[in-house]
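For reference, the chain that follows is the form predicted on its own, supplied as structure tokens.
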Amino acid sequence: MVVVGGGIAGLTAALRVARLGGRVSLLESSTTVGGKLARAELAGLTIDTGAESVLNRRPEAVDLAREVGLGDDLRHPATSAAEVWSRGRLRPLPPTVLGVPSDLAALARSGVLSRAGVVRTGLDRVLPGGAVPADRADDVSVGRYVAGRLGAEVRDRLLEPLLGGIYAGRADHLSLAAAAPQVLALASTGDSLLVAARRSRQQTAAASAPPLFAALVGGMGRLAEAAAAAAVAAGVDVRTGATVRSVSRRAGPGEGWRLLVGRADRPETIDADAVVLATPAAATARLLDELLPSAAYELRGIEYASVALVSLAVPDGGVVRPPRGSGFLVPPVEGRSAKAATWSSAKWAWLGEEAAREHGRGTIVLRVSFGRHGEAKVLQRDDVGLVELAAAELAEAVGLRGPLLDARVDRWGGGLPQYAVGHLGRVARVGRAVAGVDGLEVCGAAYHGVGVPACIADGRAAGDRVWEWLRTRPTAAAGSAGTMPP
């Protein structure tokens, strides 16, 4: 079997099949595996340059961390408090369920919304807000739905910045069912969204739910590194710098698949019994063009957003007004370029301790995120320009001053799929088309969730399905699972 794509979904699929007894090759076009789980150095410290945490209340990522020997290094944020840069200054983020306020008094005290916006929010039980779709296939925009129920200010100043942090997307473009199932669940109760959000948070507190997020000492990039090492130990042939140019059915006994890999003028041919495509939607569409044109068409409809992360190391005294908690979000309505800033050394105790050992007590490590769907102009700046822009916006927000210890910029071009209205139907159509082809699977962030746990779950499920097909296919009697070709 061959897995195309070495992000966390592809690594999980390869590891799963190898541990079940299959022979697996993993082909990754870039020079490293891990996708958006990556690490680098900043001022002598190791930092994440992609995802820095995972949802702890979904089991897949923390379970994989334990499975590959990193369980003892799992940590939770030192603080869960955050702020919002709203109406000209930083204000405390009131309690919400993905932007839906759960405490009207706390919302009023925060100052995130105007007085009129707070009053409008409290009228949800009186004003008609638009019915929840009777059938979840009848999708709606989460932004327009929330604005209809709670007012435009809740959408613009609470929902938008939270969705921007997850998808780098726009609330009026993103699907209620696919991008905001938490809000759909509130809406489906038939109560006021405020009442449903308050009840949801009370139930979570009463159940003594575990912390929402988790990370690894040394960075989340270690998860991909350890998964890759475990895959190699299980017998997976991991190849980087291996661009797959085409995937086609192989004619002849046993059929199977033929992949063309490498340079266009001198491609290598690889034959396989089964193929898992763990690649972004556009790359998957290209590989499926001739085999499944209907699926390729659907996949081309999934748009992506690009983002850039500016990481800074700031000496003691370099910030006049540090934010309360782990950082702050920036709503697009504020007209700023940054969409979030994270105080990484305050959020993760291990990083703060490492910074103190390396550079002295009070050293701050933070990162600023740029890039929203449909806004490419800010990302056209060079690295120096992005660092200067981050410093300028931090100077206004928190009083950043003086020289930096170090800075770096990491860009993720086309890094985040946009779950637009109708996404679940699109993914279902792709799934039906792929299910009709023996020995073919797809997985990754384009389908059932952009977070690390969702990608791991998708990769594991794809591995299970393809292994079941390999194990029970009519030709399986010709050779054992452990000796079948890739």
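Just count from 1 along the sequence shown to find any residue number. Worth saying up front: this structure is predicted, and the values here are computed from it rather than measured.
We do not show the form predicted together with a small molecule, though everything after this point is about it.
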Spot the stretch among 64 to 72, 429 to 437, 39 to 47, 447 to 455 with residues whose non-hydrogen atoms come within 4.5 Å of the small molecule in the model of the complex. 447 to 455
Residue-level question: is residue 4 within 4.5 Å of the small molecule in the model of the complex, judged on heavy atoms? yes
Residue 412, heavy atom within 4.5 angstroms of the small molecule in the model of the complex: yes
Is there a non-hydrogen atom of residue 53 within 4.5 angstroms of a non-hydrogen atom of the small molecule in the model of the complex? yes
How about residue 164: is it within 4.5 Å of the small molecule in the model of the complex, going by heavy atoms? no
The one residue among 400, 140, 274, 309 placing a heavy atom within 4.5 Å of the small molecule in the model of the complex is 309
Checking 188, 192, 204, 243 against the small molecule in the model of the complex, the residue with a non-hydrogen atom inside 4.5 angstroms turns out to be 243
